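Next comes just one chain, in structure tokens: the form predicted on its own.
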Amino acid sequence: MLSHRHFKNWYSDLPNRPDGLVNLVYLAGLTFCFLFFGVSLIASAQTPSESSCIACHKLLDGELLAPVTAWKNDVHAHTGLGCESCHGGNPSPQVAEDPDAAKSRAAGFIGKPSRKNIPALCGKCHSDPAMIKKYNPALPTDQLATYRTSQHGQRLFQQGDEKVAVCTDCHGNHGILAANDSRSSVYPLNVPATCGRCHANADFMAGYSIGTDQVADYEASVHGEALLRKRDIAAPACNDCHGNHGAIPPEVKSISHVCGRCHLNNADLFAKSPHAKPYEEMGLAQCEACHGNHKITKPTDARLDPNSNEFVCANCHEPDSEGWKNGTEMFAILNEMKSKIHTADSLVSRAERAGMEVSEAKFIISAADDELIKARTQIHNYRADILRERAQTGIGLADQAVEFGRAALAELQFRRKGLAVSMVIIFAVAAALYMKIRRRDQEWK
């Protein structure tokens, strides 16, 4: 061990040493040693010792070691919380080798919390605005209150059913990640699989009188296609319709409100439609009656085609009834718009391929396409007379584009004819010149 006296004796003897370079190297080495050991001592003094929980569980294996491994990435660990925050006990490193002291009931040790107590345990912090404000002011603090209103919470607290989902079933326990972390089990792309762990498990769900095909249906739906395959996190997952902490099946009369959170115009039109009141009186499931629920496929115009198996009006209306005729008329209006737009697009495309300037006509066709989309939305009012009135703008634009296309093709024909006449004249003049030159040549000879 280097001491101050050793360094003092050596330094005082330095002028008497024969080799100055060797002395310099020796001095540099001593300086490095002092710096290295000094920094090491400072670093070791600043590094917090492991808690008694971590120190003990690191020596175990299997499911008793797993919490230590998972805890490294846990969002709570990153905020400075420790095992004792949930499990209680004495985390002091001094009691790491004394399990009785570390797991002292006097220190509040509760061990593994029961499933029924988990919501209250998490809610101890997550329902406390003052506590949450210290870590993430944007995080809501009503999770426990809304959970109590959910199907899960009602069955847990009122019926004592501990099979239902509690906080840890969806969020995990020792490896909890922030909801916006793509690895989190509650990240939008992962929500269907998280819900499906229980709801797609026929054995687990036995006795609940709930089907287990929701996840498979959702994956086949237009929403599942957007979220799971196109990775569009704006597409709805289970919790967007059912809620997350307050998950509950939407009531029949509130389905249009649920769908209307995204499909605003459709919901507004349905509320003003002649279907709204009878649907409510008859207990029909509003949007679901035509579109289904989990397996919502991309809607097509064929749903208004009386000759198609998809004709949804036939679900409630008899042939030749007013409702049947109304659906048929709406299908005819859409077909008329599509036919005119198709004709305009065909004419304008031909003119463009021939080199004509058609940018204005293409802009008009694009506007007509927008009107067709609006007309399809207008269907949710279920009134053919209003649809006919609203479709006139699109039909008029399509007619205008057709005229543009025909005019462009007529101009093309005119130019071609003019070119042909010009070519004939040029050929005739050239032939005349040729004949004139030959005649002159013969005269000279």
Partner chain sequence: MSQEDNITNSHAEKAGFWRERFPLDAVAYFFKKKNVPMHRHSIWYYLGGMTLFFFIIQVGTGILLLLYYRPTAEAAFESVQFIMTKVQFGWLIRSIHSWSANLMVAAAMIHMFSVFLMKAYRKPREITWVSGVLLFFLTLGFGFSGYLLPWNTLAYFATKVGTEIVSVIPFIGHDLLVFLRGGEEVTGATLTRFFGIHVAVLPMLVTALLVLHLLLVQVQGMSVPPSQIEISARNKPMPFFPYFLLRDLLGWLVALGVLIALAALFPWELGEKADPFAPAPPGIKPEWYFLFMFQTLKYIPAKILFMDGEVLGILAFGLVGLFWLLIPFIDRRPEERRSSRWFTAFGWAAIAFIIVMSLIAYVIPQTF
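Residue numbers count along the first chain shown, from 1. If you're wondering where the values come from, they're calculated on a predicted model, not measured in any experiment.
Below, we refer to the form predicted in complex with the partner chain, which is not included among the displayed structures.
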Checklist entry - Of these, 140, 249, 211, 355, which has a heavy atom no more than 4.5 Å from the partner chain in the predicted bound form? => result 355
Next on the checklist: Based on heavy atom distances of 4.5 Å or less, which listed stretch (326-334, 291-299, 359-367, 92-100) is in contact with the partner chain in the predicted bound form?
Outcome noted: 359-367
Item to check | Non-hydrogen atom contact residue 58 with the partner chain in the predicted bound form at 4.5 angstroms | outcome: no
Checklist entry - Quick one: does residue 65 come within 4.5 Å of the partner chain in the predicted bound form, counting heavy atoms only? => result no
Item to check | Exercise: residue 424 in contact with the partner chain in the predicted bound form, heavy atom 4.5 Å | outcome: no
Next on the checklist: Can you tell me whether residue 419 touches the partner chain? I mean in the predicted bound form, with a 4.5 angstroms heavy atom cut-off.
Outcome noted: yes
Next on the checklist: With the distance limit set at 4.5 angstroms and only heavy atoms considered, check whether 414, 433 and 441 all reach the partner chain in the predicted bound form.
Outcome noted: yes
